[in-house]
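Below sits a lone chain in structure tokens, taken as the form predicted alone.
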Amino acid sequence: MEEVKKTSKQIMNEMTRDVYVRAAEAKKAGKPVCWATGIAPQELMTTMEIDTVYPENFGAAMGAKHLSGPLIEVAEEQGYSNDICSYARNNFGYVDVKHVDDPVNLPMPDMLLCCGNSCNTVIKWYENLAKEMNIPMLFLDTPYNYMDEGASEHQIRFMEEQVYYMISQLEEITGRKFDYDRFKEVMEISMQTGEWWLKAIGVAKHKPSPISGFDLFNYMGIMVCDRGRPEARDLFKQWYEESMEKVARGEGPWKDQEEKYRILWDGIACWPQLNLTYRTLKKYGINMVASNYPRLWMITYDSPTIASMVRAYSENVGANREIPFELNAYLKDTETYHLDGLIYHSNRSCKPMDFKQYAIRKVVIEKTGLPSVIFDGDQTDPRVFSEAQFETRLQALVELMEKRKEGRKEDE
């Protein structure tokens, strides 16, 4: 009997589980395990064959499985403020309990990898973990890009030297020499993975889009955890090919209804309400075809060199750039994805994203005329989100999008 080919979604689910399985097996075998921030140079760990897991990714999983609330409460009982990022609180709570009632758990780390390109919170978060657990922390300081053109040459050299120091740390921790030829191979794979990720999420520009933005949220985990592995590159290539087959057949995101409105979701998902927000959007025929959040993992660089790699980790992350960088990406998205409106998630946890929202939204409205709404929520703290407010804001957005469509018809 011919073996049935697995879909990219099935492979993605298996790969997501295997990240934690590999790390747990490594821990049992006495091999070092690393915890890393989401947008850190995983190429180093992949080269050294150090299994790495990501507390931010784990926090999202706990939120989606409705397990984040108890962990957050444990952290707050320890004295951590509820103003702190809920990913951090989720992680601090897990460090205390060290286990959740779920097949997926984090083995405790032997080292930490932190990159400062997303926010200052992750730096203090990981410093605190390193102190509490008395383990080494490898840190890549990516200077904030105040200039429109991105990182300067002296900033690139500054980051390069840090990478060489991190390599020396890894050699000391593991007792093994760093393989620079293998490092180049991993960087090449990471580059290819990034290219296929861009192609895959870019399929949403078609009308109707064969994918929903919530697919982006789900597949995104592989970009966080496995982008230096060939399996990740092959996954996104397959997802792209599957999606293009749907485009050829004229299929939209849903089998039981048509795509009526196309929107951009600004910010991180509300993981505890992932299904609820998806179902509510679908009820109104709204397809989220674009988001600035999955765009954070577009860590694509020009050549398999340390200079090119650190430039990408510094420049490609919107949180490490001035408002014009993100604004230009938004304006481009409004045309590329044929948007009808935008939804802004005012995420209590993520201050760097929230502080830019109102300024960006104001200019997007002025330049495009696209309607938008803002709702309150949080990435993993279920106490902040209001179902009634979310639906009310969606109803208002639908009215605005419909009114705009009618006005454009009259002008024609």
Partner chain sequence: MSDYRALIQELEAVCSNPAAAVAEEMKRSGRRAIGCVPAYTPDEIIYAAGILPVGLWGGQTDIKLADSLLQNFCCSLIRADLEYGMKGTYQMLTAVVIPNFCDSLKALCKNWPYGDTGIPVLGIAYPQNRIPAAFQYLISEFQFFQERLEKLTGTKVTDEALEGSFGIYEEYRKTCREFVKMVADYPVTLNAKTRHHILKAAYFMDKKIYTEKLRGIIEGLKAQPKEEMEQFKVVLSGILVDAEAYLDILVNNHITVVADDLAQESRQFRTPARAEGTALEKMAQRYMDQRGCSLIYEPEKSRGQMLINMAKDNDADGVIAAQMKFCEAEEYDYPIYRKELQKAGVKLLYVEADQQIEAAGQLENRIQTFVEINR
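Keep in mind that what you see is a predicted model, and the values were worked out from it rather than measured. Numbering follows the first chain given and starts at 1.
Unshown form predicted together with its partner chain; subsequent notes refer to it.
* Hey, in the predicted complex, is Ser152 touching its partner chain, heavy atoms inside 4.5 Å? -> Yes - in the predicted complex, heavy atoms of Ser152 and its partner chain come within 4.5 Å of each other.
* To do: Could you confirm whether Ile123 comes within 4.5 Å of its partner chain in the predicted complex, counting heavy atoms only?
  => Looking in the predicted complex, residue contacts with its partner chain include Ile123, since a heavy atom lies within 4.5 Å.
* Contact of Gln162 with its partner chain in the predicted complex (heavy atom, 4.5 Å) -> Yes, contact at 4.5 Å.
* Exercise: Asp83 in contact with its partner chain in the predicted complex, heavy atom 4.5 Å -> Yes - in the predicted complex, heavy atoms of Asp83 and its partner chain come within 4.5 Å of each other.
* Taking the partner as it appears in the predicted complex, which of 296-304, 87-95, 244-252, 267-275 has residues with heavy atoms within 4.5 Å of its partner chain? -> It is the stretch 87-95.
* **Contacting member of Pro107, Gly221, Pro210, Pro143, with respect to its partner chain in the predicted complex [4.5 Å, heavy atom]** => That would be Pro143.
* its partner chain: the contacting residue among Glu258, Glu322, Glu172, Glu231 in the predicted complex [heavy atom, 4.5 Å] -> When its partner chain is considered in the predicted complex, the option within 4.5 Å is Glu322.
* Can you name the residues of 119-139 that have a non-hydrogen atom within 4.5 angstroms of its partner chain in the predicted complex? -> Heavy-atom contacts to its partner chain in the predicted complex: Cys119, Asn120, Thr121, Ile123, Lys124, Trp125, Glu127, Asn128, Lys131, Glu132, Met137, Phe139.
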